[in-house]
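The chain that follows stands alone, in the form predicted on its own, written as structure tokens.
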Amino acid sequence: MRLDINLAYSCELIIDNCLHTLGSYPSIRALAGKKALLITDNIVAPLYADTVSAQLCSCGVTVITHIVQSGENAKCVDNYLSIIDTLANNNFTREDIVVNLGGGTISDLGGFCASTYKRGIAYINIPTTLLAQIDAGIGGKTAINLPQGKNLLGVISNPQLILCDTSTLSTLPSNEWSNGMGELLKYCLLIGKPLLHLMSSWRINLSNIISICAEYKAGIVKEDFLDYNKRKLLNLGHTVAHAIERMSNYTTPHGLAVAQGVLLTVKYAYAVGKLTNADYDSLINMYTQLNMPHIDHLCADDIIDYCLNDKKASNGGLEIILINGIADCYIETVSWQQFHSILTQTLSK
């Protein structure tokens, strides 16, 4: 007997100044009579938690707030179990919902809690950082970190709704802008001209830039939700980035680490003759103009040690994303020896 089972992974994405009007959206009004666990951090909570809570309450939703300390280290087993306790102690059912308010750390942590509690309850992402609005809040990848590596405990589970309010970016500190720009560099390489021509005046084009990145990621996720094929391209720069984050005990933010991983990818493509001088110079100039810091004293051996538990590693090596040129990226499986050679070539430049 053969059965064809078609799975639908639907999610609504709204990019608008919507934080103060959440209660007007049909998908929010439909939550009337349910409980919502609002998960946020100590930086975002004083800014937006009361607004979101009031909007939910106006629709007849009972809101309970759970606040964690900001930063990547919030994605830990202790916080996961604490949130699960909060859900269980307040008798959350599978009809209730989790609302994640904050950056990528919160969508990762809260999404994983929602996706594993009672085998999964619905959740909503309200990303408030540039990095989360263009990437981390979209696509349903949820995870927490283990001592052995980043995002080693996780599931892919779509949020019911993603609400991106670009006005929340007005409260971002400068380091969070740099963090988002690091991830934006990745999208410049993936998307090419439609995004690159906006980058010289990115401040006045910010809404368009966020929309282009979000739509690009949403399209790839729709095509390869479970991350077996094309979605892997979104890992551009991330293998080295995750190693850098762990080496610094997560004091190096994710976006800045991604920027370094992307930079090394660009340098390698140029070294092997796959990037023209003009494209190479334009990418390096953009890296400089966005004030991306260079991370010094990186060692190929150390990076490989931290990559051994990477999700993309196999017994013989690991999958990395390389480029033939702008908007021409591809997935390559390399041996550890090849990866060491790539790192050695690029770290010395």
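Predicted, not measured: the structure shown is a model, and the values here were computed from it. In case it trips you up, residue 1 is the first one in the sequence shown, and so on.
Separately, the form predicted together with a small molecule exists; it is not shown, and the next lines address it.
- Residue contact check for residue 100: none of its heavy atoms lie within 4.5 Å of the small molecule in the predicted complex.
- For residue 241, no non-hydrogen atom is located within 4.5 Å of the small molecule in the predicted complex, even though that partner is not displayed.
- For the chain shown alone, residue 171 is a contact residue for the small molecule in the predicted complex, at least one non-hydrogen atom being within 4.5 angstroms.
- By the criterion of a heavy atom within 4.5 Å, residue 52 is excluded from the residues contacting the small molecule in the predicted complex.
- This chain is drawn without the small molecule; in the predicted complex, the residue among 214, 181, 136, 195 with a heavy atom within 4.5 Å of it is 136.
- 70 is the sole member of 282, 65, 309, 70 with a non-hydrogen atom within 4.5 Å of the small molecule in the predicted complex.
- Here the chain stands by itself, but in the predicted complex one stretch of 272-280, 126-134, 110-118, 86-94, 126-134, has heavy atoms within 4.5 Å of the small molecule.
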